[in-house]
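One chain follows as structure tokens, the form predicted alone.
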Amino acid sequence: MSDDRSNIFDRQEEFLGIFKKGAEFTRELLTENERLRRKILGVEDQQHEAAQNPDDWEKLRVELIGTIANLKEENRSFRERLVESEEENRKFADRYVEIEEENNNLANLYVASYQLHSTLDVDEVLKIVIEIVINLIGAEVFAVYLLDGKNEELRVVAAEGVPPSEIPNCPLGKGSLGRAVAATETTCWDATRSDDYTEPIVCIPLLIEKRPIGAIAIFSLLQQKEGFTPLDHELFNVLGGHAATALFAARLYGQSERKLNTIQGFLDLLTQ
């Protein structure tokens, strides 16, 4: 019951507050109306006096012409400021879009680098590399190579768009791909599709301390992808370093696990 009384009291206070605001607003309107009425009467008196005295009428006409000229100048200045303001707003909007795109690109780069180091399984790392190249770069046909140090040959370990068996291995230092990897520099050629799987349109060497351990070769882009953006080149750098580190660490881990299992098996034989 007390809550109901409290609610009624609150509503009464709210109503009185609205009523007071309305009364104040009405008084302000009456005051402004009186001020405008007096101003109109003053103008009418000036016109009446000017009509009786031609000299005053001419003076008033000149003053009005000057006032109109000033208003036109103020209007022109206002329009110029309005145009400048609209241009500033447009630049601000464009910059906002750029910042949003930059933030999105940074987020993509962070996610890509994080995913690459989230596993020590070689197959999982290769799967993540393929997803990055497809989803973030927009490649349609590409291959991932690892360097066979004994034979100095880049061997295909994964591919997308065609079976890995259709893409030949590449000797290090020979052909467009081999020379680009030997030079340890990411290289972009013509972005048109290449059906020659010895001539990629992009080569991304996978480097550990500036030494190649493999490469990513892109042969064609998705249909909606017309060329490479600054984000693509940043992704090339991420893949060249982070993918190489992730693959290298995963291979070392796999080798150590196999050796550990071999040693453990040998020890088990000795203790039987």
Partner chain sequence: MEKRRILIVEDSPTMRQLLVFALRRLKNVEIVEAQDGMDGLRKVSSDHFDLALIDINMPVMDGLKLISLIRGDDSLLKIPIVVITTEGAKEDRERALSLGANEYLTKPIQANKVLSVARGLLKID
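Since the model is a prediction, treat every value here as computed from it, not as a measurement. Residue numbers count along the first chain shown, from 1.
This next part talks about the form predicted together with its partner chain, which is not shown.
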query	finding
Sole residue of 93, 134, 183, 82 within 4.5 Å of its partner chain in the predicted bound form, by heavy atom	134
89, 77, 169, 103 - the one with a heavy atom within 4.5 Å of its partner chain in the predicted bound form	103
Close approach of residue 110 to its partner chain in the predicted bound form, 4.5 Å, heavy atom	yes
Contact flag, residue 138 vs its partner chain in the predicted bound form, heavy atom cut 4.5 Å	yes
4.5 Å heavy atom contact, residue 114 and its partner chain in the predicted bound form	yes
Residue 225 within 4.5 Å of its partner chain in the predicted bound form, heavy atoms	yes
Answer range among 174-182, 195-203, 95-103, 147-155 for contact with its partner chain, defined in the predicted bound form as heavy atoms within 4.5 Å	95-103
